[in-house]
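Below you will find one chain, with nothing else, as structure tokens; this is the form predicted on its own, and questions on how it binds or moves follow later.
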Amino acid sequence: MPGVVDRHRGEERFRRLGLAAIAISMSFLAFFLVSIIGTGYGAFIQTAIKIDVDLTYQEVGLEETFTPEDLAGVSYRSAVRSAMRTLIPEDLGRRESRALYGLIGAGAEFELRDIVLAQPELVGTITSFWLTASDDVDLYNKSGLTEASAQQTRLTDKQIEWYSALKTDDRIVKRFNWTFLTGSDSRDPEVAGVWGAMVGSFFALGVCLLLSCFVGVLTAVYLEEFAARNRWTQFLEININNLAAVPSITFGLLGLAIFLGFFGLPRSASLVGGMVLALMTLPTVIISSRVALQAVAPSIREAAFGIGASRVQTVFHHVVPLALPGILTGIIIGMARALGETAPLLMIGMVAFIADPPTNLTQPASALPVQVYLWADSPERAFAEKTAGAILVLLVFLLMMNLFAVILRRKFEK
């Protein structure tokens, strides 16, 4: 039977095409993950240099009885530089001394200050400290110590010679970069972190979640269960569907004109960012919630009406609980999209340099995708791995949100 044979051959070709499409998509995904992980893992590793800092009373200019204010006023930069000079037994000129100081990170003096303020008993002693190396030393130490890697950094031949001497003396190590997870944005790559951007994203997503859930779900319930079927509701449905396809930067322009221009809300604040993201996610939440409500069997409504329940009781006691898994899935999808958006946040000024994490919704803040954008635009080579590392953090949060959605859906499906 030629017809049956041809049909089976067509089904087999379709199956193979489907498998090929899946293989191609998985290969692209694998290439993306390998490239991001290969570049970004270095952001979680930092190079540290061991130096012996002279904290004797005469060296730091303190009396044996000192106050915390006196301790905070010590010149820790001078202490770090003196310790660096003792590591190299050479008579260095001004330029060479500056090159030697370039081996240590710009934030080393602040690291030393924080350690000494936390442990005042160190004053009066000569103590060894592991302090963060500069970004050029860090790149060179993590890139295989080859001539090609040296050319990619700004290290001079003399600095590489000093680095080799310190490496031989076991004064250079790699360690986990906690600063990347606990620090905020900085112009120095070795001390830059994502915590400030994470806090800004948390605040903005919190505002977005409250607004989009309250307004979006209630709108979907009204349109699906209570609104009359007329031209007005058809007009609303068409516009909601169209808004779901509007570019995100348009919502940023809307927020700039309304929230900042008309209402005068603070620029770069998480509050405004959350409101703009809520405008962007509302169509997604409304559409997914309506689909979930439509999926509830009509017999549920008929049974509730049959035992005397009102329309409000039927909707909120029977229909909405059964539609809740689909509603939650739509909300999480909307939140995941909001977490990765950059354009609307750029329009309301969240692209500013924020050195300290915000403590409330009205303070200037950044966000993870904006932080990725800023670091990707930086000319410093060390920010390339910071950019990939921030993308990894962003992907982890997206995976956690999707996992949370799966858990909630399974829980309410029971």
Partner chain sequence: MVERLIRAILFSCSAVAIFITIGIIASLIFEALRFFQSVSVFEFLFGTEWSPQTALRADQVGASGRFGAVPLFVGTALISTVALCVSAPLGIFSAIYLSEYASDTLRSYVKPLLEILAGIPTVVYGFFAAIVIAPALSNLGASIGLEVAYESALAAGLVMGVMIIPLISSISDDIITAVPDSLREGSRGLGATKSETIRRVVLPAALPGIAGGILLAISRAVGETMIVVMAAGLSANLTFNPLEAVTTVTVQIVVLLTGDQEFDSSKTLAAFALGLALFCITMVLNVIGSQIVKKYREQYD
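Model, not experiment: these values are computed from the prediction. By rigid core we mean the largest C-alpha set that fits within 1.5 Å across both forms. Positions refer to the first chain, counted from 1.
As for the form predicted together with its partner chain, it is not shown, yet the points below apply to it.
**Student:** Exactly one residue in A295, A257, I126, A303 has a non-hydrogen atom within 4.5 Å of its partner chain in the predicted complex; which is it?
**Tutor:** It is A257.
**Student:** In the predicted complex, which of the listed residues (R98, H317, R311, R175) lies with a heavy atom within 4.5 Å of its partner chain?
**Tutor:** Flagged contact: R311.
**Student:** Kindly confirm or deny that D52, S143 and K411 each have some heavy atom within 4.5 angstroms of its partner chain in the predicted complex.
**Tutor:** None of them does, since no heavy atom lies within 4.5 Å of the partner.
**Student:** Only one of 117-125, 175-183, 232-240, 322-330 has heavy atoms within 4.5 Å of its partner chain in the predicted complex; I'd like to know which.
**Tutor:** Checking each option against the 4.5 Å cut-off leaves 232-240.
**Student:** Would you classify V60 as touching its partner chain in the predicted complex, given a 4.5 Å non-hydrogen atom cut-off?
**Tutor:** No, V60 sits far enough from its partner chain in the predicted complex that none of its heavy atoms falls within 4.5 Å.
**Student:** May I ask you to state whether L279 is within 4.5 Å of its partner chain in the predicted complex, using heavy atom distances?
**Tutor:** L279 belongs to the contact set for its partner chain.
**Student:** Is the gap between F66 and its partner chain in the predicted complex 4.5 Å or less for some heavy atom pair?
**Tutor:** No, F66 stays farther than 4.5 Å from its partner chain in the predicted complex.
**Student:** If you check in the predicted complex, is F251 within 4.5 Å of its partner chain, heavy atoms only?
**Tutor:** F251 belongs to the contact set for its partner chain.
**Student:** Scan 18-50 and note down the residues that get a heavy atom within 4.5 Å of its partner chain in the predicted complex; none is a fine answer too.
**Tutor:** Read in sequence order, the residues that approach its partner chain (within 4.5 Å, in the predicted complex) are G18, L19, A21, I22, I24, S25, M26, F28, L29, F31, F32, S35, I36.
**Student:** For F305, is the CA shift between this form and the one not shown at least 2 Å following rigid-core superposition?
**Tutor:** Yes; that C-alpha moves by at least 2 Å between this form and the one not shown.
**Student:** With both forms fit on the core, is the shift of the CA atom of L293 between this form and the one not shown 2 Å or larger?
**Tutor:** For L293, whose C-alpha is compared between this form and the one not shown after core superposition, the shift is 2 Å or more.
**Student:** Rigid core fitted, is the C-alpha displacement of N230 between this form and the one not shown 2 Å or more?
**Tutor:** For N230, whose C-alpha is compared between this form and the one not shown after core superposition, the shift is 2 Å or more.
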